[in-house]
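This document starts with one chain, in the form predicted on its own, laid out as structure tokens.
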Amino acid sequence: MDRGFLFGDGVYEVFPVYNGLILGLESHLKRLQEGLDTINIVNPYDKKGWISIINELISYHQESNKQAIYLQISRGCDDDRKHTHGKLKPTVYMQSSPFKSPTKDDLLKGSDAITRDDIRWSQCDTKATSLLANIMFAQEAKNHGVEEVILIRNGIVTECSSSNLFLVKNNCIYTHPKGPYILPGITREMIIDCAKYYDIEIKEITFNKDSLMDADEVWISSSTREVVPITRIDNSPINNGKVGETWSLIYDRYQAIKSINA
């Protein structure tokens, strides 16, 4: 009778962990709280409580220098399956999964992506557990042997099935602005900070597929993928299939931030 199972009525968060330390902890907890507030679930723990629980889970896997902590909070269990609900005790589920990051040499080989119409709901900035469209896109990427599916809504490139997207043109970085059509990625914000560190101009504005295909560089980002260069989209090369220098700078700075925090 858990509403997370029956309706996807809940939110989730993923915390990347390097050498036992959580990267971007404050930002992840803030986004978690915003998601709970949006769908009116009372947060079952305060900041101190979450940190204690997460660190306990991390301690069970000390042999893994990289972990992804998945946290899901559903509205809870009811006495019957019905669309409405009363006051329920939230259900908390957490797991730790080791993950590996590809080396820079591996990433320099580039990755492929395909584009599809963005059929998701109009509140993508809520990290909700109801991810049917996203998993359909992710499975399509797997079936096609590509890294990601890039989504386009009404002619505008939004993001990907499970990552944010950036393009570079004439030494300027572009990414879709925050709003209801993209998830406000924590890694996305870190990349923006990396660009500012190098005084690289970055614009959070909308752009279309023509701009995407004409880009000098295209990347995707997420907590476990970090920053991945895309060198081929819909079987057409980006920048003649070469990984760009701006990506290399951002990648190196991101690794430095990880080292400082971990």
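Note that residue numbering begins at 1 and tracks the sequence as displayed. Predicted model, so just to flag it, every value in this text is computed and none were measured.
The protein also exists as the form predicted in complex with a small molecule; that form is not presented, and the subsequent description refers to it.
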task = Choose from 41-49, 54-62, 219-227, 196-204 the stretch whose residues reach within 4.5 Å of the small molecule in the model of the complex, heavy atoms counted.
result = 219-227
inquiry  = What I'd like checked is whether Tyr12, Arg31 and Arg120 together line the small molecule in the model of the complex, meaning each has a non-hydrogen atom within 4.5 Å of it.
reply    = yes
query = Within a 4.5 Å heavy atom cut-off, is Ser111 in contact with the small molecule in the model of the complex?
reply = no
message = Please determine whether Leu71 contacts the small molecule in the model of the complex, using a 4.5 Å cut-off between heavy atoms.
response = no
ask   = Does the small molecule get within 4.5 angstroms of any non-hydrogen atom of Gly185 in the model of the complex?
value = yes
query = According to a 4.5 angstroms non-hydrogen atom cut-off, is Lys127 in contact with the small molecule in the model of the complex?
reply = yes
